[in-house]
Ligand code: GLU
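A single chain, nothing else alongside it, follows as structure tokens in the form predicted on its own.
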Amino acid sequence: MKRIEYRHLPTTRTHPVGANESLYDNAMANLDRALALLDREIPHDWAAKLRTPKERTELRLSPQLSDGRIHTFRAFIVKHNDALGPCKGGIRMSPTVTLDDVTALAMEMTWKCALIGVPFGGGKSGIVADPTRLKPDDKQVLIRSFTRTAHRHIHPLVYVPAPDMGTNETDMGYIKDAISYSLGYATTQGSYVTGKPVILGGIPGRREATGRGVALAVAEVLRRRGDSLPGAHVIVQGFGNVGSVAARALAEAGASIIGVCDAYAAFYDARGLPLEALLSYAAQHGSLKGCRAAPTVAHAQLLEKPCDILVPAATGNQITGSNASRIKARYIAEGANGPTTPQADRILQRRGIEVIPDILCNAGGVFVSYLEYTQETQAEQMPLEEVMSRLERRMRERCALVFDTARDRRWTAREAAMYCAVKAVWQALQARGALP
């Protein structure tokens, strides 16, 4: 399919772009591949509705922080597609996040929601700030400033945010409170934000849902391939909310965690790491910086160590054309969004390394967010056992859909996942009709 260029919207890239180098370029390349697979099913003139976001907004936040000064921050909200329902997607706080990054992540949320089977479209937010350099009170002020400024965009029927990199359930509680204050009443009938503390209408298991979903996807794929998870050697890149939970869940299933890292330290031991000691240290100190519980290794080397399962759960563009030929894993389970570039995908495919794509592998979080959304709408509280049971059932169902499609059509799992997701969104657009 001929690529429809996206020239009419401004770029906000902050780094030079080569072939498939940015999150945005990777997202476009993956969509182009899916559209090529759907070439006889989707008319070319409709493809632009899939490629371009419905709305991109840049905001200026000007809170007064604890130093008494007014500080100015940029923020972005992107609603990519709402054919299946209100837009859903987290708030990323990072000093390097760009509007293009948020656009790419919103697009990925469109495919993720469609693939996991929840009635949401794709959205995303970004706040250009470094959460590690903000005092807790200043971060709260910034989150509340974002909420007040973005109030026209946040609504159960429009866009429902959630935690993402740099934000957490505490921040979601502040958003709920700020919206309630502006409205003049408690927002209990209709979920304006998910990933909240349970006491504020959140759902048990939401914080762990993405990491547990990764472990469930790994277990299901290995089962289908006739491989055993107990005894498998696992390396987890990224030890935040997703990576640490995935590591614990995989260890509980019998796997041996032989490598982990965060932004500050990396550890590797082929005999197995003291995972509980690492988890305890990270929980106490907020990172693995200064931890002496295991042998250290260079970050770049960790990805290339031999293992059965590699879980990139940090940031995007970690497995690229430069290092894909040195990856020694049998399976890659994408806990992060966009950790593998299209060029790396082709290299991994040639080498027979199976990739569990991000829009499937890390979709547990948005599925449990959907459960939180529904329970708040119905004013009930779902027990943890039911949440985990429904998460496990849904991950198995969608893994079967993706890998059966890949087998029947002789595609990679990413091609199959994107095909199923893009086709579902296209069918929703077609059912709504062409008129505005």
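Keep in mind that what you see is a predicted model, and the values were worked out from it rather than measured. We number the residues from 1 along the sequence you see.
The protein also exists as the form predicted together with this ligand; that form is not presented, and the subsequent description refers to it.
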Query raised in the report: Which single stretch, out of 345 to 353, 322 to 330, 107 to 115, 214 to 222, brings residue heavy atoms within 4.5 Å of this ligand in the model of the complex?
Result: 107 to 115
Query raised in the report: Does any heavy atom of S369 come within 4.5 Å of a heavy atom of this ligand in the model of the complex?
Result: yes
Query raised in the report: Closest heavy atom of A162 to this ligand in the model of the complex, within 4.5 Å or not?
Result: yes
**Report entry** Contact test in the model of the complex: Q237 vs this ligand, heavy atoms, 4.5 Å
**Finding:** no
Query raised in the report: Does any heavy atom of N337 come within 4.5 Å of a heavy atom of this ligand in the model of the complex?
Result: yes
Report summary line: Note: exactly one of T194, S244, T147, T103 sits with a heavy atom within 4.5 Å of this ligand in the model of the complex, namely T194
Query raised in the report: Ok, K79, K139, R206, K176: which has a heavy atom sitting within 4.5 Å of this ligand in the model of the complex?
Result: R206
Requested in this report: Can you tell me which bits of 75 to 109 touch this ligand in the model of the complex, meaning any heavy atom within 4.5 Å?
Outcome: K88, G89, G90, M109
